[in-house]
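Okay, here we've got a single chain as structure tokens, the form predicted alone, with questions on binding and movement later.
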Amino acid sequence: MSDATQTYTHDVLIIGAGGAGLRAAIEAAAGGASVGVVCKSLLGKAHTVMAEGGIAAALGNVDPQDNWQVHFQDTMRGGALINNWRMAELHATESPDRVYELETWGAIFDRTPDGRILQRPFGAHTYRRLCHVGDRTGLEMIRTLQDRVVALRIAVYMEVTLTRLLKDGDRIAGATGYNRQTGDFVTFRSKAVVLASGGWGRIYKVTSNSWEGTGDGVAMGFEAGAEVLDPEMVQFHPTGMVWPPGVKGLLVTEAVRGEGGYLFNSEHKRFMLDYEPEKKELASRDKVARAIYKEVQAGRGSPHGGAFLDVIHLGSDRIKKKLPSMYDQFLSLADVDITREAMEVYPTIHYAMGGLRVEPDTGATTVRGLYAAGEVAAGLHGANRLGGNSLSDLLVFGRRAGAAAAQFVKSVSLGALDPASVADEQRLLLGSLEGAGSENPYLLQQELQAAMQEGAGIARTDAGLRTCLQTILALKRRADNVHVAGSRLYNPGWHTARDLRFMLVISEAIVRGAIERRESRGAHWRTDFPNADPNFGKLNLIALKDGDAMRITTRPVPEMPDELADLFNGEVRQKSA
């Protein structure tokens, strides 16, 4: 461990090594840029692997009538029409090419009898659209992209956490942080930065996200002056494990319902027939999650407070072939054989639709030289993401952000690093080790998670949100008094102390946005405002840094051009009239 700072230099710095980060790195390298990829964990251990069900792309291999226009409409309607229409258009039109590209790089997909990529149904998709590899699609995608990055000899810095973006005036100049193993400080000089560090599920008590998901990228972007779009829109995946307690929240892929799984309550009633008689179990995630919540609240839940998800009728051979990960997961973790017993499931925090506001075609944020892609970026999914759209999102916009960053760096030189900013961040990092504080970062994190689960969870009220906000503000003050024992070597408590600050920024944005959005729309369910408000249907909310404070403002939802609005048979014009 050294007090010296190791400095690395690249044209383009990619923060995050999931699907978006790796695809951005590949494209930036193809554009001639020197590229460095930094990941908080190990290469290959990205949250992308938890997107198990498939990649949404209108190939039309199973349902020939599918096309990009239908995919576009499904995405916009799923997002309650507050999506950025241009992002949805690019996503729908380019996803097929990105899937076929992945195949040329070695990805293996399940096949139709005549050898084409097989596609399965998924919630709120009109046609069978998800290209898949059993229920391990995200893992196959990461394997393929990782192999490509290694083959291209792109520099990868593993187990490095970057904690502050560095600026030269109004433009990005790099980032600084530390090596998680040694505790040594590191600084990266770069002409452009692509944020692709994923979401923020760990701010909640029950989540499918792994430990890395603490909102680092969005919080760093916010602190650097970027706008955060619709932070209140957080997705509750309908089906997470509920038992045993050690795995509560672990994802049960939507592929289970896509393959024909049924949801039952304790009275063995298939309740989705009442809530969504047309789509049933394959309604959008927000609707299925609320239905399960309501059944449990009404006293019709399973023994451990969830609902039953049953695939027994599919037969043992099909279950083991199409859902091998789920079969193994329940058998090894819950001692449940899903070929003979129903699963118990309940909504779990899974995904953030909100994030940094970006230009649709380039992924550029409101800070010059700073780009974002994947879950860090907002706009595509609106108020609710459709299953499978996340993986194609990573490919389409990871590529676009990488290409734009590579083009940008051709016309600029390296910015000057600000030694004062680096020193200030190092003082902040060392404060929890060297200071005389008394607060435990783990306990503060647990208090935050409990407050968010209770006050900003699936069902929200003004009173609950305001109580939650007061808790967050109190925790921010207490976070200045954190103390961690030990050194910087292999010290998870030290890591948690910095993660906590990111989590508090994101939590405040979510809650402030949720207070202001006085309606129910998509994943945002206000029981005191149970209906959608047409006025809010015209607005995106924005969280801005205002000195040391956070301010919520609005931007109009981008207006759809006539040729796309016509696809909705007047529905769009009625909402904007």
Ligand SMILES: Cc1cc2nc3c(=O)[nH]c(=O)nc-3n(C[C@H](O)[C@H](O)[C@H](O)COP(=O)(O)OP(=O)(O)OC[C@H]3O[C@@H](n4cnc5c(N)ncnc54)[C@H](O)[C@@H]3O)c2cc1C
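The structure displayed is predicted, hence computed values, not measured ones. All residue numbers refer to positions in the sequence shown, first residue = 1.
Keep in mind the form predicted together with this ligand is missing from the figure; the text below concerns it.
Although the partner is absent from the chain shown here, none of Asn83, Ala88 and Ser95 has a heavy atom within 4.5 Å of this ligand in the predicted complex. Checking 466-474, 297-305, 156-164, 486-494 against this ligand in the predicted complex, the stretch whose residues place heavy atoms within 4.5 Å of it is 156-164.
Within 4.5 Å of some heavy atom of this ligand in the predicted complex lies at least one heavy atom of Thr48.
Looking at Ser41, you'd find a heavy atom of it within 4.5 angstroms of this ligand in the predicted complex. Residue contact check for Glu259: none of its heavy atoms lie within 4.5 Å of this ligand in the predicted complex. Under a 4.5 angstroms non-hydrogen atom cutoff, this ligand in the predicted complex lacks Ala25 among its neighbouring residues. For the options Gly363, Gly354, Gly198, Gly221, the one in contact with this ligand in the predicted complex, meaning a heavy atom within 4.5 Å, is Gly198. Between this ligand and the residues Ser432, Asn209, Asn384, Thr187, the one pair within 4.5 Å by heavy atoms in the predicted complex involves Asn209.
Annotation for 5-40: interface residues with this ligand in the predicted complex are Ile15, Gly16, Ala17, Gly18, Gly19, Ala20, Gly21, Val38, Cys39, Lys40 [heavy atom within 4.5 Å].
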